[in-house]
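A single chain, nothing else alongside it, follows as structure tokens in the form predicted on its own.
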């Protein structure tokens, strides 16, 4: 088998869609598994809709996902002379003709041979046959001088030595046109693999109404690239068993085009979010803080007031309670702001009761006797209060948790108190006792 060469060829008319990202990923995995080459080509011949902003966003999304290319990027807008040379070749051979339109101008059109049967042996869908009479003639060069998608695609794939074309199955209808052009030009036809489309959870094609559809939106929400990479790899492909969590290297090692399913995949946001929480839980603390820092800063928190090691510890404590990194800002608000944002129902249940006030008063008295918060002495102190009042430990921990964070949910109370600091703990307990 000759060395594999595949390409990812997005049109820069918008951001990188989840479906496009999966196509890029499958080309990347196929190339890496077989030690092949991945070419990046920007199909920007739609000069009206193509933008530099979209091109930049595509690059950023691919880089974020860790999908690296080996050649390119090539830009079709810079290759117009090449397409015109090939169009002239077909004109000279009588396989194409000029077509004049009084309103639009002159175009070059390929005349589809009559009575021709075109066969595609798709690596995913099997053999598909097309009759030329249903395919029709093909515009090669539009009246504005730019090539059509099908013509530029064939020329570029041929010139770049592409051996396998892996793309969405919405391109199946383009394939007979492209095969006819390869044959007319006397060029080898690459192997095709058309991936079924991604559907929303309601069974219709994935769109904005199903939620976020661009890679950039998931990045901004705080999804981790390795989680999205892992999730997308399984969106239409199976490793052959029930394994779901896999590293990039494991996915590359196990990826084969034969295991890509011929049925549409369903985008399951809950599964992606579950997978993301798994990666958050296993992220090194320093790295997780680096991911969380922009969200904390955006929330207006002055991080310079705190030692970095304390901030890293804070984020580390809350990793179990967040599914996406952006949630970190809201859930750690109590740490950064001087005033506690109390949840009314938590206050009513745990503080505005005789028992709650008594517990906080007892904690206040004991804390007045110490000068430093340390885990083991603190645990002994709180457990002795619970025992003296005939309560389970949660009977002490919950009123204290609400007093310190405003919420009845937080990481272990000892670590929370140590993070807040003794003086601030005393002040918040005093404030909570005064609540009416």
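Residue numbers count along the first chain shown, from 1. Note that the structure is a prediction, hence the values are computed from the model and not measured.
Omitted here: the form predicted in complex with the RNA. The next part is about that form.
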Query raised in the report: With the partner removed from view, which of 40 to 48, 364 to 372, 62 to 70, 27 to 35 is the stretch that lies within 4.5 Å of the RNA in the predicted bound form, judged by heavy atom distances?
Result: 40 to 48
Query raised in the report: Does residue 251 reach the RNA in the predicted bound form, with heavy atoms at most 4.5 Å apart?
Result: no
Query raised in the report: Counting only non-hydrogen atoms and a 4.5 angstroms cut-off, does residue 344 reach the RNA in the predicted bound form?
Result: no
Query raised in the report: So in the predicted bound form, does residue 420 come within 4.5 Å of the RNA, heavy atom to heavy atom?
Result: no
Query raised in the report: Looking at the partner-bound form in the predicted bound form, is residue 101 within 4.5 Å of the RNA by any heavy atom?
Result: yes
Report task. Please pick, from 187, 271, 310, 119, the one residue with any non-hydrogen atom lying within 4.5 angstroms of the RNA in the predicted bound form. Result -> 271
**Report entry** Position in contact with the RNA when the complex is considered in the predicted bound form, options 80, 261, 212, 89, heavy atoms within 4.5 Å
**Finding:** 261
Query - Residues within 4.5 Å of the RNA in the predicted bound form, restricted to 235 to 270 and counted by heavy atom - result: 235, 236, 237, 238, 240, 242, 244, 259, 261, 262, 263, 264, 265, 266, 268, 270
